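Single chain ahead, written as structure tokens, the form predicted alone.
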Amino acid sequence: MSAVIEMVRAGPLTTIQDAGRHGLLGAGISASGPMDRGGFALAAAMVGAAAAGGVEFTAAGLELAVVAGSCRVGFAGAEFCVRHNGVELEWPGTALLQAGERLVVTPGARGNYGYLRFDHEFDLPSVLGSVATNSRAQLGGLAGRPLRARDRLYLGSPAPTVSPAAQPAPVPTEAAFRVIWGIHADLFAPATRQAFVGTRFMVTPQMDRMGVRLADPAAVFAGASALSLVSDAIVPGDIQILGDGTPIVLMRDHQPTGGYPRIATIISADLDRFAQQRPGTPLAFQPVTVEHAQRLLRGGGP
């Protein structure tokens, strides 16, 4: 055993995540995985190791103590303040933790999700090919639930080394979120679709790993009809319009099917940035083609 880590304080929805359990949506299990995949990867690059699992924490931060052994940790994601035994460190960054030492992460200026990646693998059982926590299905992680104070994580075998990855050019914070039109877009009147891309919505506090509710101050969808359909498959980034006209962006722990229309889907290249938007943030949407979205996913330009 390399190290034993005890959670002294864990904010809401602090979970173990890895790349996710893909290919099981047909069985009713979403992939899960990090809300901000770029931040998750950067934390691994900071520590120089590619342990499959990591700790995802929310804006409230966390505190942990090393009970035994030692380990190196990398941290990245949104902007947080981090202290190692009371000494403030640069964020993102890395630290060597010895037995008896503490790492404290407190809220910073921006974003919702941060990540800790370690140089040794978690000693956790793989469930359906992954250690990612899906608390709704009670799979993975530690007993399929969020972490809490006094939980202990055991680090075992060394993780393979990883080279620093090239980071994409930053996108302006106020930039519109690019979407492709959804399979139900034609159910909305042309004027509604035009208003959807010409109006600013707002992130509400009603958010979790399943979805993010948006406020619709301009009442774009207030008069929309045909807002209940036969359920069919959904994917992360789908923008679903509830029966009362509320838009919800579905996230990593989304339900497998939905019976409300999806007017559009936030493209994969923008979904990390969307996950980091705090409540009260105004945002807009910009339609792009599927070809453009695929080119962005391959790293082919803005």
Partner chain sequence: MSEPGPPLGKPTILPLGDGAVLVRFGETLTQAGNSAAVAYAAALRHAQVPGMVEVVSNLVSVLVRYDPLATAFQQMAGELRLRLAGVDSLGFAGSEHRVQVRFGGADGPDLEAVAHSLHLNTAEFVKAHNQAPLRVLATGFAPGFVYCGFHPPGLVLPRRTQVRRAVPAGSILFAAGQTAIAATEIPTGWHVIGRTGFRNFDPAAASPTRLAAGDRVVFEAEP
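Note that the structure is a prediction, hence the values are computed from the model and not measured. Numbering follows the first chain given and starts at 1.
Beyond the structure shown, there is the form predicted together with the partner chain, which is absent from this document and is the topic of what follows.
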So in the predicted complex, is the partner chain close enough to V105 to count as touching (4.5 Å, heavy atoms)?
no
Do S231 and the partner chain come within 4.5 Å of each other in the predicted complex, heavy atoms counted?
yes
Partner contact for R200 in the predicted complex: the partner chain, 4.5 angstroms, heavy atom
no
Find out whether any non-hydrogen atom of H184 is located within 4.5 angstroms of the partner chain in the predicted complex, and reply yes or no.
yes
Please tell me which of L142, C81, A176, V127 lies within 4.5 Å of the partner chain in the predicted complex, judged by heavy atoms.
V127
Residue within 4.5 Å of the partner chain in the predicted complex by heavy atom, from A215, A195, V162, I180, is I180
What I'd like checked is whether A3, T15 and L153 together line the partner chain in the predicted complex, meaning each has a non-hydrogen atom within 4.5 Å of it.
no
For the chain seen here without its partner, which of 84 to 92, 133 to 141, 111 to 119, 204 to 212 has a heavy atom within 4.5 Å of the partner chain in the predicted complex?
133 to 141
Suppose contact means any heavy atom within 4.5 Å; which members of 53 to 83 contact the partner chain in the predicted complex?
none
